[in-house]
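Just one chain is shown here, as structure tokens, and it is the form predicted alone.
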Amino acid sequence: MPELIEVELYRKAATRTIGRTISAVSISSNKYLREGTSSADLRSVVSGSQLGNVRRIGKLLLLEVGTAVIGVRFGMTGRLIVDGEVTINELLYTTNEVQERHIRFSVEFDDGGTLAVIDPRGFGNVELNPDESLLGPDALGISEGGFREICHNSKSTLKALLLDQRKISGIGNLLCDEILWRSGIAPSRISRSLNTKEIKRVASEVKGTIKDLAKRGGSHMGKLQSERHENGVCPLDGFPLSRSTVAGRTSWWCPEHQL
């Protein structure tokens, strides 16, 4: 569930560790390392170095250590702990308890502080020097013109396009359904079928929805969220919501105004 909004909160919290010297790095299992990254390489590159900067592209957190970059993906249930403080107390679809067995990755600093990832379901991963070029522009920074070009070159559904991190990075299932609901566009619409007004509307709602839900408290705070269940109704017009699978994900939408 951690989407752009949550990972941005993680980024802000992690900036408190900038300038600290790393004394040790721990991985719960090699399974939590992305293919191509070894625990030995990670430790040798990082240990004894200072954390120079913390960045984010979409849902990927990037820790700059010397000339290396550690990429952290949080999967469905990952949360960041900085100096013992959990950045987000609650996430959907997971336990909110902090259990030591769920700590998958941790960085210890000379001053005694720590930066750790707790991930109960273990779907996240850590990667050394991830290829950032594989990610599309961050959802908060994409322009209307850029979005138009992506749409016109795509034969996929609009939902598949918005969820494709190679095209636009940072949007997950909850944000996607909220964006499309606010835009009045059905998730199954083919991207290249959108007209100029529809493209402008979706592009505007991508940024507007992210900013609004960030103020509300997270990706799960959309107006549609409380009606994502059987017999749920559209908060806009009271019409029964439809539940379907689009782009391999459960989608809730209103067939009355999402066309």
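Keep in mind it's a predicted model, so treat the numbers as computed, not measured. We number the residues from 1 along the sequence you see.
Although not depicted, the form predicted together with the DNA is the subject of the following passage.
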At 4.5 Å between heavy atoms, only one of the stretches 91 to 99, 178 to 186, 106 to 114, 140 to 148 reaches the DNA in the predicted bound form; which one is it? 91 to 99
Are any of the heavy atoms in Arg79 no more than 4.5 Å from a heavy atom of the DNA in the predicted bound form? no
The DNA contact in the predicted bound form: Leu9, any heavy atom under 4.5 Å: no
Indicate whether Gln165 is a 4.5 Å heavy atom neighbour of the DNA in the predicted bound form. yes
Using a 4.5 angstroms cut-off on non-hydrogen atoms, would Lys197 count as touching the DNA in the predicted bound form? no
Any residue of 129 to 162 that, in the predicted bound form, places a heavy atom within 4.5 Å of the DNA: Asn153, Ser154, Lys155, Ser156, Thr157, Ala160
